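For reference, the chain that follows is the form predicted on its own, supplied as structure tokens.
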Amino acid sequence: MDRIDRAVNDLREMDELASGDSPVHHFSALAKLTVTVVYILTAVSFSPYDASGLLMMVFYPLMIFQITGIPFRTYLYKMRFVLPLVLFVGLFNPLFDRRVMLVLGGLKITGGMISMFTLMIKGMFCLSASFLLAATVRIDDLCAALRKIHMPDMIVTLLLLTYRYVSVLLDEASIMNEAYHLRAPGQKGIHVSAWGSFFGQLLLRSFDRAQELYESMRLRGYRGEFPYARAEKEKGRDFLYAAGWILFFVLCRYVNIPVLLGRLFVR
């Protein structure tokens, strides 16, 4: 399968995941958005040397993956280009911070090693939380939730239209790519001599399609404010969901649970 076709399928698969029927999908978009934002802020607030306390934050993504039934390998596949960049963060910390902070079986663990590990874990946790939000909330509902917290309408509309137009752009690119290979059978990829005309045609076709979409929106009553999904009223279970997770995050942030359990069972 061509890369463009794979990108189109990946985008459609995210929409299918967001339209799931798990208990998490039934909570309001605002509750899930709040939990995700608080989770990310809590995760990044941990000290670079507090790896043990940070590890407790893994329960949130693990629980959501389990409840929603989203395979973890799907997350790894979707984030295959971003994960290496996240893991690269802090890679050189051991070179700059060589203070020995722990000795395990004769192995000296430096502050740079601990901070490198902590930064990598933070990146993976934040990335997994963002992925789970996108996989359990439709883009229309997410934009409606952003408007509820008074996010500027222009920014929200731009986010929604950009997300929607990416699929249109990829469809146009897929059609042009298929047409090119019908005229050049057996050729792998697009020859460098055709790059200019290919991307130029893609740009012109995109402008034409964008104009058609804008005219359709105007005919349907668009006057600068996009009619987002119907505002969903939060229920008691939504407040309980958000409050329960936020309390758990606060507990993990201010109480080092692994150290506490170690003191209780190892004496």
Partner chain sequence: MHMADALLSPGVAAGMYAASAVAAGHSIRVLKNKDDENKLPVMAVSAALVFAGQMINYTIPGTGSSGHLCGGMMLSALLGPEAGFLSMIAVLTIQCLFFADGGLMALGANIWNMAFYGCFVGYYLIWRPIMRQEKLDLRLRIVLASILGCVITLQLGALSVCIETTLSGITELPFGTFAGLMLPIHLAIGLVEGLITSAVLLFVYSARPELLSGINEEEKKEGRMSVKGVVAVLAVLTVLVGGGLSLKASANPDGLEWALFGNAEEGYAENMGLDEENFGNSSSVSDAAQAVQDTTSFLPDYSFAGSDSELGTTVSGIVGSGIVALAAVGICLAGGFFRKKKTV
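If you superpose the two forms and keep the largest set of C-alpha atoms that fall within 1.5 Å, you have the rigid core. Residue numbers count along the first chain shown, from 1. Just so you know, these numbers come straight off a predicted model, no measurement behind them.
Below: the form predicted together with its partner chain, not depicted.
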>> Under a 4.5 angstroms heavy atom criterion, identify the one residue in Ala179, Leu107, Ile149, Ile155 near its partner chain in the predicted bound form.
In response: Ile155
> Does Leu127 reach its partner chain in the predicted bound form if we count a contact as any heavy atom within 4.5 Å?
Replying inline: yes
>> Quick check on Leu30: any heavy atom within 4.5 Å of its partner chain in the predicted bound form?
In response: no
>> So in the predicted bound form, is its partner chain close enough to Lys233 to count as touching (4.5 Å, heavy atoms)?
In response: no
> Using 4.5 Å between non-hydrogen atoms, is Phe239 touching its partner chain in the predicted bound form?
Replying inline: no
>> At 4.5 Å, heavy atom to heavy atom, what parts of 120 to 134 sit next to its partner chain in the predicted bound form? List them in sequence order, or say none.
In response: Lys122, Gly123, Cys126, Leu127, Ser130, Leu133, Ala134
>> Quick check on Leu85: with the core superposed, does its CA move 2 angstroms or more between the shown form and the other one?
In response: yes
>> If I superpose the two forms on their rigid core, does the C-alpha of Arg99 end up displaced by 2 Å or more between the shown form and the other one?
In response: no
> So with the core overlaid, does the Cα of Phe199 end up 2 Å or more away between the shown form and the other one?
Replying inline: yes
